[in-house]
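Before any questions on binding or motion, here is one chain by itself as structure tokens, the form predicted alone.
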């Protein structure tokens, strides 16, 4: 069932998107209707008016999901499942002709030859003005100026249309005609062609690690794929065309010989180290520009006009052949479309880093599967499941070994026959070390449970120690004056600043992470409890004294209830901060937990898995917050009604 849903996730997404759109529109309609009904009774600022309103929650959630579907290309995949494959074939053609376009003023403002001429001219001018005259003799300087001038002549000869060889002219003319032929074939459309059986058997878009099927699965895609093969051959022919005017033949030999002569003088002459270094660097710069010009890649601008016109015609034919695909891409595929690399087609823009909701759900169900042998869970550990926990391990964690050490007597000794008979002290030690079989109990297990366990234990310890201290700091001058500087000294420090130190001391086990979270929760609970206790109305305390209440009774029955709203609010805040700190700590050092999963996903750029961990953390945080809201409602129902 799950495999079928995974293979048909695009169709399922289409149904979900339609339902979300209906929910969004309906919730707005219901919300406006309810607002009209309660308009006369509503009073601005009344907390009661904020209760209910489930329809606005539906409106917000559906709007968020619709935006997610749209910008992740989920809408495009749901209603146009073949569009990405066709866009991939178009991207193939773009990649094929990119070597030709790189030489033309289509994707840039200038011909590549124009850019090369301008850049080399500027560099030659800089060389002429920055010549290290102290390193060369007067005759050598004259020779170098002449070499720079001759190098400029190379560019001038290559840029002159009259010097373009007949062979290069013929090759460019034939190439332009062949490009026009590709445009004609594109304009004719897919006639008598159809996708192959191999192409139709490819996995659907996004259901495997291959993001988009590479082989064309539509007639239009086959047309572009066929044209691409011929375009690749034309591009290969273009990059091999060279402009080597005959006027440059003798000039190239002369410049090379004169540069070599200066290099021989530099290596064999008796110059000091600084002069030798300066001469070599300058000659190398001159030779570098000369070799670039010797490649024959500078063409007269007029000679490439035919190619430029042919490529522009091909682009126009390509856009016409795309048909409605261009409109679909513009409306339902926000971002930069699809780019073809060497071996695959990849989504660009928001579709690249924002996985589709259905893909995230599929990844989540794979992680949630407890069958780790069938690739469920993550790294051989389930996401959230249960296991049998030996009771002896629990006892060993609680019971220290020194209890056996302080018992009277000695541990057992081996007898003459080589046997060892444990005594009472040995049995107590075995119990403390978890070596006694006391049965097993069911216990939660998995990455999510490990993270929850660390948060809950640290939060419990923070409440246990932080609330009493905070209350006493609110009522006692000694406690406030003694502990306040200590708390405020470490509280502003970001938790992650402590993480390297604590993880170094405790290691990567749970105790280090729990202690780090405890530091976070402890400070928050101290501040919350102190604020609540110090905010108790003095009239209530004096009234209690006048009625004969003891200090303990006042603390339990007056100050603690008054501080309870602040304490519960502090718990809500501490849970959120602990989650954020825990995930960061698990990313720094850990082998289990939600943060560990995200860290591994980050290193391999698995965006779907990253979003799964983000959603897991968000859902768990929301669940904890809802629980705290319920606790607050039941514990302090008077809040906001005084």
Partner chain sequence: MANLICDNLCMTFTNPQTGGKVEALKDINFTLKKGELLAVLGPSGCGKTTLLNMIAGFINPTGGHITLGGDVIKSPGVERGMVFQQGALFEWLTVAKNVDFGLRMKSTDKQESAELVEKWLDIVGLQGFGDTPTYQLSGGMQQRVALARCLVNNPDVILMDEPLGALDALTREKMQSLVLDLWKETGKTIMIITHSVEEALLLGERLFVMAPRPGRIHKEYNLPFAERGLKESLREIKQDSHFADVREEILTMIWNMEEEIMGRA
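No experiment lies behind these values; they were computed from the predicted model shown. Numbering follows the first chain given and starts at 1.
Although it is not shown, the form predicted together with its partner chain is what the next lines describe.
Proximity to its partner chain in the predicted complex, defined as a heavy atom within 4.5 Å, singles out one entry of 292, 256, 545, 242, which is 545. Note on contacts: among 539, 191, 371, 137, the single residue with a heavy atom within 4.5 Å of its partner chain in the predicted complex is 539. Just one listed stretch, out of 121-129, 556-564, 165-173, 196-204, contacts its partner chain in the predicted complex at the 4.5 Å heavy atom level, and that stretch is 556-564. In the predicted complex, residue 549 approaches its partner chain with a heavy atom inside 4.5 Å. Though the partner is left out of this view, residue 638 does reach within 4.5 Å of its partner chain in the predicted complex, counting heavy atoms only.
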